[in-house]
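Heads up, the chain below is alone and in the form predicted alone; it's given as structure tokens.
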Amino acid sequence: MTRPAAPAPDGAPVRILVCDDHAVVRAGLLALLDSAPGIEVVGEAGTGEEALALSAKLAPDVVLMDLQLGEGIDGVETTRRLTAAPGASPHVLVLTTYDTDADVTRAVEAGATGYLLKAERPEELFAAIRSAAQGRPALSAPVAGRVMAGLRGLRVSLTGRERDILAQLARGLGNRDIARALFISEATVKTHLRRIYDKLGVDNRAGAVAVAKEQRLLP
């Protein structure tokens, strides 16, 4: 029976396998990930077939997966096989330049835990890797809305106050400034934010704004 790899114990680094068919891109990723605390690259692959073989041998926590892999099986099929492999399977975090609805849908349906764009800042990539290692969804803000609305058919219903707070989020205001603008306490703002995140299926401010724009929840 296939099951996700167990989360790394506290203090243990997240073990990463990088799969990208461009050697220069892989080299850049390896150099970048080497600078990240708590992350250890255990292998690199240039094809889907190589990623499957190395994953079986090295048992990484997360496979960082490009979608387009040149010859051989693509990133989606590789993801499907990785997550369906017998025993403990790694979490797959897609890292790509492609963000069409079809690409996102295929990757998530294949079992990807997260979907990140290569244009993201390094700290966003590091955070997404750690989230994926725990089995938590990690999505780039630009694609979060489409994933939630398109794949899950989500129809979100927000209260008037939640819409007010969401509008302030879209302006880039912090909790204290939102509280002042709406004449409520910071604790109340935090409570509403938790409810907004739950309803939108996100875990951060950027994701909430992205989903809100996608579903036209903002004025």
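Sequential numbering from 1, following the sequence displayed. Predicted model only: the values in this text are computed from it and were never measured. Between two forms, the rigid core is defined as the largest C-alpha subset superposing within 1.5 Å.
The form predicted together with the DNA is left out here; the points below concern that form.
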R176 versus the DNA, in the predicted bound form: is there a non-hydrogen atom within 4.5 Å?
yes
Does R15 reach the DNA in the predicted bound form, with heavy atoms at most 4.5 Å apart?
no
The DNA contact in the predicted bound form: A31, any heavy atom under 4.5 Å
no
Look up in the predicted bound form whether G160 has a non-hydrogen atom within 4.5 angstroms of the DNA, and give yes or no.
yes
Contact stretch among 45-53, 187-195, 59-67, 22-30 - heavy atom within 4.5 Å of the DNA in the predicted bound form
187-195
Using a superposition on the rigid core, decide whether the Cα position of V189 changes by 2 angstroms or more between the shown form and the other one.
yes
Establish whether a shift of 2 Å or more occurs at the C-alpha of K199 between the shown form and the other one, with the two forms superposed on the rigid core.
yes
For a quick test of reading the superposition: does E40 move by 2 Å or more at the CA between the shown form and the other one, rigid core aligned?
no
Distance change of 3 Å or more between the C-alpha atoms of V189 and A128 in the predicted bound form: closer or farther compared with this structure?
farther
